[in-house]
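The same protein chain appears twice below, in two forms, each given on its own as structure tokens and labelled structure 1 and structure 2.
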Structure 1
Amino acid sequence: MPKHFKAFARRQEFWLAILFAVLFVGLSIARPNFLSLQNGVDLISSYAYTGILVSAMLVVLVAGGIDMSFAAVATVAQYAALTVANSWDIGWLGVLLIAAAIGIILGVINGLLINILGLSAIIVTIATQSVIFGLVLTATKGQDIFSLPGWFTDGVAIPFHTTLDGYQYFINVQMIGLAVALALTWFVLNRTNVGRQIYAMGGNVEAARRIGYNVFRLNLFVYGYMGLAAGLASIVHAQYNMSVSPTALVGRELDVIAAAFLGGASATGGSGTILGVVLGIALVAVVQNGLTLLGVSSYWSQFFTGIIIVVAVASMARDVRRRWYDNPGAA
């Protein structure tokens, strides 16, 4: 047990967990309504879109890649799926299938380009982001979709708690989407053969190739998975916003990428865990929520958010350095 603990204590997740716990306890004491059910529901609902994307971004980062095009992909997926839903009664299943299919197709195109061109993923996906977003703006003329079908804006509402004065709390689309994405990503990375191969490929692509892993197919899977997540996240986002705008998502990709790095995913591939990214998002969410709850002026909140990220990244750097010291060349 102490040995396990020692191993855990060296990981990024450990420091994140401590930082998170400190904030959590501190905020709970300072502002009792931080712990209220409503606040929890609010936080999960508003971070579901980011959370779903961060979990898929983890898979991409573990594989040693990166994807800058997911917001453009999500924009196409939500615009197309809900345009169709406004004309035909396709229901939730139809909307999700269209968004998922568009996401997977565009994601696989990314994977193919990265494989075939042999260029770095960041260049390829910035280019595809630009192409996709350009097409969206041309096709939609920048027009938002303001009215969506009633069944869509009503969403899913499964009551799970009723207060004494009759106020009901519901499980909503955002919670379901986030839970599915986190569970699926955990399963893929930790319980499947493909998941182990992705870690191996991210750690050392040449070694993975020589062992006989099909790097080409793995890349298609990884970027296809990112596309799928973008498709699903886009629907969760449209439901939260109750409208669709072609300009609402692109340009805000860094929120997602920063949360993944904060959660300990390595920029060079091969490492990162779902626990880490959950803690990464939770930390960002709780810091911003907490600053407002504490009544900190908006002019300061960016500063504090920055400080938290610096602390987290500094702990990560220390961690990497120590691993290097213990085992030179392996970090």
Structure 2
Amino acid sequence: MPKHFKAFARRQEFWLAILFAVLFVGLSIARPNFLSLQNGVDLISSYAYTGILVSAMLVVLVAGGIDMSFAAVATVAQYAALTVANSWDIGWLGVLLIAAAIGIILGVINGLLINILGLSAIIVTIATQSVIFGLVLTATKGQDIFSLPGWFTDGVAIPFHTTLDGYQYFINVQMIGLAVALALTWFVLNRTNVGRQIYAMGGNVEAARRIGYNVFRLNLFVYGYMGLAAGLASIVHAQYNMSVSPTALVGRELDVIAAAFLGGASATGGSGTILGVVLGIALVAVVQNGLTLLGVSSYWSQFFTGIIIVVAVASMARDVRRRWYDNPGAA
């Protein structure tokens, strides 16, 4: 057996790929419509928002942090950008720039609070989640926006397949947004000096400080990147739903955390890959979509998502123990 395959077979991504393949084949047999191109397009489109956030959450987890405020950040960015778009003809570029700027600012504030206060990231971001969401509900009075500019609701439609009866399938805003987010995160983590420093900081923050890495700036970058992703994901979500609601995004944090942990991102930092993230997103999406196609109540979705998190964290703990026994000095 080749050495590269042996190494890959020891990684969580390998077993994720096996599990995904088993579920994929099983659902294809149980529900033939699962394998349809239409279901695939719908699945990618509906999980693009989650996927964009998971790609950025990977960066935060690799750095040894966590961010629970992204849904509230996305809500602010979405509501503000599209309120402006309804008043002025700012186009796609304007909407994306406003949402990105708001996301980055709020993300950097998270990073500043975590660094200055010296508190746990989960405590700080849960607090900012509550503060931001409370301010949004107060400012908007909980009102939805159903009237959006025509250019926004029309979105993007690039044909990529035409059936024998003339029906066309299109690449849409959601697919483009997800592909860009995954590609950008891969590039940042694997092809930049910042990415290497983030892995080092997540592995051992004190060691990173000793060799001269600016941990303060790295944290600002990491949480700013999460904010950027939240802002862009919010626009993708609004275009998919053709509306804006201040309560639509909060409450979906569990799916993002589940996919990130399942993909091999460690709660203690220093590990995680884009391949794992893609498999994690795919597995969560397939499980939830499969339950729907099998006629299982949607109330079970959160139950199975919780089980996924438990299994993922248990698997990570097992891997840490195995590495410690193999090499006590490395753990």
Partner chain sequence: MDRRVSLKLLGCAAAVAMLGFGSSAMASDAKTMTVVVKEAGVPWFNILNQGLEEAGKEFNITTTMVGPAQADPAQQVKLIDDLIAKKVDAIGLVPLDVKVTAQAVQRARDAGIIVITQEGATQENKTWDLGLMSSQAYGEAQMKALAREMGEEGEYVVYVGTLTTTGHNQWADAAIAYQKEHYPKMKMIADRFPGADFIDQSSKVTQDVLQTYPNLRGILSMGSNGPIGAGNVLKQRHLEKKIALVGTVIPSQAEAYIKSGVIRCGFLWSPKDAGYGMVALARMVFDGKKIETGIELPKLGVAKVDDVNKVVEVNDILTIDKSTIDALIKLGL
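So that the term is clear: the rigid core is the largest set of C-alpha atoms that superpose within 1.5 Å between two forms. Every residue number counts along structure 1's sequence, beginning with 1. This structure is a prediction, so every number in the text was calculated from the model and none was measured.
Q: Mark the structure, either 1 or 2, that is the form predicted alone.
A: Pick structure 2; the other is not the form predicted alone.
Q: Is residue 44 one of the residues whose C-alpha moves 2 Å or more between structures 1 and 2 after the core fit?
A: No.
Q: Has the Cα of residue 267 moved 2 Å or more between structures 1 and 2, judged after a core fit?
A: Comparing forms between structures 1 and 2, the residue 267 CA shifts below 2 Å.
Q: Is residue 282 one of the residues whose Cα moves 2 Å or more between structures 1 and 2, with the core superposed?
A: Result for residue 282: no, shift under 2 Å.
Q: Could you check how much the CA of residue 29 shifts between structures 1 and 2 after a rigid core fit, in angstrom?
A: In the core superposition between structures 1 and 2, the C-alpha of residue 29 moves 4.1 Å.
Q: After superposing on the rigid core, how much does the Cα of residue 291 shift between structures 1 and 2, in Å?
A: On core superposition, this C-alpha lies 3.4 Å from its counterpart.
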